[in-house]
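Just one chain follows, in the form predicted alone, and it is written as structure tokens.
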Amino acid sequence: MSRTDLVALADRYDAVIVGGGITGAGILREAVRTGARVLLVEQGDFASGTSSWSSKLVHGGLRYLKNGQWRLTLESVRERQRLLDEAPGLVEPLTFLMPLYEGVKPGRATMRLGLWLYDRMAGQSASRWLARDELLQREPDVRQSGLLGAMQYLDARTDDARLVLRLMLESVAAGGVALNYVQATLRSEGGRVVGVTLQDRLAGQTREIAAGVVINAGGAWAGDLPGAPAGAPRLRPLRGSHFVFPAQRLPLKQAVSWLHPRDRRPIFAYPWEGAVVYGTTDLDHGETLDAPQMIAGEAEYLIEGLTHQFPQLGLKARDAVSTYAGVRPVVDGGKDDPSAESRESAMWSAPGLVSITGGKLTTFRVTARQVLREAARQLPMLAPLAEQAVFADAAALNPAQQRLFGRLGADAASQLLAGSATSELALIPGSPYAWAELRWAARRERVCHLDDLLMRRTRLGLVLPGGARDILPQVQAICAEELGWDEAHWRFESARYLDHWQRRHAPPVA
């Protein structure tokens, strides 16, 4: 699907959404269903901000339950279950084990009570106690000194960028319009926001668009929208950094969660896309929002926690295949401890404008419907319709097909399978991705830069060594055929990508 030119846009839309992360994509999906004419613009690539650098968990959040955030926990576990039912292959169940030790809190009784409440909210009974021997059979590398056993519970994992992209592209197929690499500035007349001025950051074009209402879904950037009236809440951007380890060095069969020995914060490691994600930190991010990366102190903190729980593996930062960091758009509640800040969303309005920030990946649908109800106060046609499935169920497929159908959606996956050579349906060595997925993304998924393809449409840049440097010759051939990149353009893009990967994602050498 080629990128739409600004000159092809209509002069007016009922709603213009600014922000192409999970919140904006969810709002687009719900808004298109009302029959409204809806345009979404994103200043970078889709999901290139927080929504591709999260912990990639679709979860209720035991920590929120501990902090007394009952409504947020209830919403989260219910939305988790909806996504598990609606998007198999994209949102997958994930078993968590939390080892417990003699004389160390929380104890077995406390965990059982918390998980009983967690299960009741989800309408299921998924948690249970694992004795020491059973735990060690399943995860033999956990720390054994003082080990009593573990509590087992259920959450879910996803590819956060693919979740955003599937929402976005299916909304476009249903009649919406979505543009990446387009900057928006609000236009106002007589104290009311009446539309946006758009600038295509790649082609240099500009265009004025009228809007019944503008929805600011910029996440951590929501307070910086050019032309916005005063009234935004004070944000406290918090950075979460993660390691990605090869499965051979951190061989986990399920997720393991534990408390860091330094500050008792929950940390976790779990299998993801053929590798293992481990994190996370939760620190005030005082740098530019556009370039979050793991710093030395975070690496030391995370490796300390990993060594504590898996001492016999001898893992070092240099053993990782990559790192990544994202900035959470948290509303500043004045807490001393960043982790104590609420993950609730915040919404504010002005004539012609509704703004939203904060919130969680898991609850994007709930947030989207809240935003549309607020927008409907100004434009009644945007009132959300009765609740319905966000995604079509693909549960009848075999496991290999289910992954592809979950990531791309049924129509796109069927077309990919029907139109791909058998050789391109083979997996790229060391990854769960087929060559055909790269070709499909280049051809149909609004790829503008090499990092769009390797860091978001696929996650090859995270799960293969060196940012997937070894397969770049094959990627070049695909980009030449599907994107028309000549040798000079490829040299520019590959140099740009490798520099980006080295600065943002290369593991520390220590």
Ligand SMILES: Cc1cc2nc3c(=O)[nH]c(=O)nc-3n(C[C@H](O)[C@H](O)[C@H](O)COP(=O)(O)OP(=O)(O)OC[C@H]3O[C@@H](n4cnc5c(N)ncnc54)[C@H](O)[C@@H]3O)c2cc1C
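From 1 onward, residues are counted along the sequence shown. Only a predicted model underlies this, so the values are computations on that prediction, with no experimental measurement involved.
There is also a form predicted together with the named molecule; it is not shown, and the following applies to it.
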- Based on heavy atom distances of at most 4.5 Å to the named molecule in the predicted complex, which listed stretch, 480-488, 51-59, 446-454, 31-39, is the contact stretch? 51-59
- With the named molecule left out of view, choose which of V354, A368, A184, A161 has a non-hydrogen atom within 4.5 angstroms of it in the predicted complex. A184
- Contact between S322 and the named molecule in the predicted complex at 4.5 Å, heavy atoms? no
- 4.5 Å heavy atom contact, A150 and the named molecule in the predicted complex: no
- Heavy atom of G240 within 4.5 Å of the named molecule in the predicted complex: yes
- Give a yes/no on whether P380 approaches the named molecule to within 4.5 Å in the predicted complex, heavy atoms considered. no
- Item | Output flag, P246, P432 and L460 jointly within 4.5 Å of the named molecule in the predicted complex, heavy atom basis | no
- Message: For a quick check, can you give me the residues of 4-41 that have a heavy atom within 4.5 Å of the named molecule in the predicted complex?
- Response: V18, G19, G20, G21, I22, T23, G24, V41
